[in-house]
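Below you will find one chain, with nothing else, as C-alpha cells; this is the form predicted alone, and questions on how it binds or moves follow later.
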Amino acid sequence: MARTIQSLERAAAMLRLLAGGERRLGLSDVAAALGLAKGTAHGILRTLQQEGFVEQDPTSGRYQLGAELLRLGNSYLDVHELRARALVWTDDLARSSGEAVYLGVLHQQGVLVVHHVFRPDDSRQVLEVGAMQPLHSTALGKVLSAYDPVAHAEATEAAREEFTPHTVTGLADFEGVLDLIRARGWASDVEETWEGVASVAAPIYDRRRMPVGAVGITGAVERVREDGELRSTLVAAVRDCARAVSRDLGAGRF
C-alpha cells in the first residue's frame, strides 16, 4: 500500500475540523481534538495561514478557514457548474454535427478537457476527459487565448511548439489569428495540432460576461471542411451551443 505523508494528513484533518462545528477554534482546541502536541499543531496552522488556507483572528487568536480555500472551492464549483449546464447542449451538438464535442477550461498553461461527448457512430473512441490541449494551436485553446487575458498571457509568453507545418508559432502572426477570432467570434484548428484533424470552437461566458470556457467539435478534415472551407453549418452549430450554455450560466443574450 502506498505510504501517506503524515504532515499532509494532519493538515487535511485540521481543515476538516475548522470546516465543521465551531466557526473559530483556538490552538488548544485544535491540538486536543486531533491529539497533537501544541507545538506540532501550531507549526501546521502557521503554514496553512501563510498559504491563505487558514486565518487567525487578531483579537482572540482563534483560527478559521481562509479565503484561499473559498477561491479554490469556487473554482471547483465553477467548472462543475459549467459541465452540468453544458451536458444537454453538448449532446445535442454531437447529434447535429455528427462529430465529437469537447468542453475545455484554462488550466495552468493549457486547456483542460472537462467534458467529452463521443462522435455518434459505432467507431472505437477513447474518453479524453482530463486530457490537456495546447493553447496556441487548438481551437479550444485559441478561443480562450483570444478572450481570457490570463490565457492570452500564457499563450503569448510561453514557447509555441510547432506540431505540424500548419502551426502558427510567430508572435505577430499568432496575435493576428487572435484578432480574427475576436472579430468573427469563433476559432478553428485545421491540421495545426494533429495531421488530418480539424476543429471549430466558440467561447462560453458566465453571468459576469466573463469567458469561463470553450466548446468545440473535432473531426476528420474531410468531414469538417467542404470545398476547402470549414462547413458553415458546423460553425453555426458550435456557436449556437456556446450561446445556449452561456445563457444557462446567466450571461443572457449576446
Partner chain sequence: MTDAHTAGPFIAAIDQGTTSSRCIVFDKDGRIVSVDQKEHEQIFPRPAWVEHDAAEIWTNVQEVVSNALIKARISREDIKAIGITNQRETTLLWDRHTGEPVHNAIVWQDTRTDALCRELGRNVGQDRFRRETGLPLASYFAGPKVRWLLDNVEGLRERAERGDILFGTMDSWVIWNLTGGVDGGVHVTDVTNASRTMLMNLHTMEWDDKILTSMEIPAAILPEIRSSAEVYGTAKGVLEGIPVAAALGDQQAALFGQTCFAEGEAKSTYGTGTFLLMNTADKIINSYSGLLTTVGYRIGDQKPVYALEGSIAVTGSLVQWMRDQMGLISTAAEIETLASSVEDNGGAYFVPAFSGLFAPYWRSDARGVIAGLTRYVTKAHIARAVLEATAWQTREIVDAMHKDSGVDLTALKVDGGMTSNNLLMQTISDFLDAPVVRPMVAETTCLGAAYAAGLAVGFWPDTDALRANWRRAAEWTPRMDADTRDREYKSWLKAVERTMGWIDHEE
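Numbering follows the first chain given and starts at 1. It should be emphasised that the depicted structure is a prediction, and the values quoted were computed from it without experimental measurement.
Missing here is the form predicted together with its partner chain; even so, the following discussion is about that form.
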R184 near its partner chain in the predicted bound form, any heavy atom under 4.5 Å? no
I'd like to know whether D92 contacts its partner chain in the predicted bound form, with contact meaning heavy atoms within 4.5 angstroms. yes
Consider A146 of the chain shown here, and say whether it contacts its partner chain in the predicted bound form, taking contact as heavy atoms within 4.5 Å. no
In the predicted bound form, R160 touching its partner chain (heavy atom, 4.5 Å): no
Let me know the one among H107, R83, H152, H166 whose heavy atoms come within 4.5 Å of its partner chain in the predicted bound form, would you? R83
Residues in which of 109-117, 133-141, 176-184, 152-160 have heavy atoms within 4.5 Å of its partner chain in the predicted bound form? 109-117
Please state whether all three residues L34, K38 and Q50 have a non-hydrogen atom within 4.5 angstroms of its partner chain in the predicted bound form. no
Within 4.5 Å of its partner chain in the predicted bound form, counting any non-hydrogen atom, which residues from 216-250 show up? D240
